[in-house]
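What follows is a single chain, given as structure tokens, in the form predicted alone.
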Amino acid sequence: MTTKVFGHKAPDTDSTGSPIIWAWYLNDVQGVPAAPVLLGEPNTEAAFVLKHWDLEKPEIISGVAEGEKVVIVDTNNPAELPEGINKADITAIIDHHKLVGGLETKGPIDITIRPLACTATIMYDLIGADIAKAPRGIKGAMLSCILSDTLEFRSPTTTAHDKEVCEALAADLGVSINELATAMFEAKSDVSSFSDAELLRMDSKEYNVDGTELRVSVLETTAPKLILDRKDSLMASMEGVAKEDGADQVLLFVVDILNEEATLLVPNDLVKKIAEASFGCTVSGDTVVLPGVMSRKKQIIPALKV
């Protein structure tokens, strides 16, 4: 039976690249039949990475069958995984997020969760000396995943080890970290073809905070004006998206990669209350700038209060 390897819904670069990396390792090194798959269309940066490294876009799936062998990467949150995930045969989890709970397995499994900025960094360590066997595209995917998740080392989630692995891969591949990161961030910033609802779901995760169901969306960009110019229509779309997704509220943080700050859209009194309680700010309009806030995992989610 072929093992399906996948990350979270609304796949970003790490949840697109890491399944490809690990499926290669299982197939070519471990001799375990495996296939990377996605739980949705990759975002614009991830699509750029696939094209740049000449990697085939994995099949997009909507669910998994009972008893199907799967490896979960870049998440351990059931809310970000297909319905019925607990009926699948989960054989491993590789992740860099906090342990959420709620997954059920059919037996003991391999779980690796490490406090690093990127799943691909963990995979680099797990693969070890066999990384020398990896084709250029696999190494390129690793490098791109780390650059994406660390925002080229700007994110507070970045560790010295993430940077060390990134620099080793770049040297091996003979590429400029800055040039690749700049091209990736430009691709990520091109959101002109997406509807408001698509933008609100593009890089979003579901969290329950003090009994309130929140869809926490982050858009990382080098051109925040392109998104903020659409703030009125984005805020008008939030209620519908929240209702369709079973959430009480959508929170949208527009992260300015170059200026290292986030702008939170404030469509109503609930979001104003959340913003002021969570970040110690004073909200006077329909947006609030949060200096230094770059990471949903480290700076946004832990701070949220309702």
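All residue numbers refer to positions in the sequence shown, first residue = 1. Because the structure is predicted, anything quoted here is derived from the model rather than measured.
Omitted from view is the form predicted in complex with a further copy of the same chain, to which the following refers.
K.L.:
Would Gly101 show up as a contact with a further copy of the same chain in the predicted bound form if we use heavy atoms at 4.5 Å?
P.N.:
Yes - in the predicted bound form, heavy atoms of Gly101 and a further copy of the same chain come within 4.5 Å of each other.
K.L.:
Tell me, yes or no, whether Ile109 is in contact with a further copy of the same chain in the predicted bound form, where a contact means a heavy atom of each within 4.5 Å.
P.N.:
Answer yes; at least one heavy atom of Ile109 falls within 4.5 Å of a further copy of the same chain in the predicted bound form.
K.L.:
Taking the shortest heavy atom distance, is Val209 within 4.5 Å of a further copy of the same chain in the predicted bound form?
P.N.:
No, Val209 stays farther than 4.5 Å from a further copy of the same chain in the predicted bound form.
K.L.:
Give a yes or no for Arg114: in the predicted bound form, does one of its heavy atoms lie within 4.5 Å of a heavy atom belonging to a further copy of the same chain?
P.N.:
Arg114: yes, in contact with a further copy of the same chain in the predicted bound form.
K.L.:
Note which of Lys231, Lys87, His161, His97 lies within 4.5 Å of a further copy of the same chain in the predicted bound form, where distance is taken over heavy atoms; exactly one does.
P.N.:
Contact check passes for His97.
K.L.:
Which one of Leu226, Ala197, Leu126, Ala183 is close to a further copy of the same chain in the predicted bound form, taking close to mean a heavy atom within 4.5 Å?
P.N.:
Contact residue from the list: Leu126.
K.L.:
Out of 162 to 170, 218 to 226, 129 to 137, 114 to 122, where are the residues with a heavy atom within 4.5 Å of a further copy of the same chain in the predicted bound form?
P.N.:
Flagged stretch: 114 to 122.
K.L.:
For the stretch 2 to 24, I need every residue with any heavy atom inside 4.5 Å of a further copy of the same chain in the predicted bound form, listed N to C.
P.N.:
If the 4.5 Å heavy-atom criterion is applied to a further copy of the same chain in the predicted bound form, 2 to 24 yields nothing.
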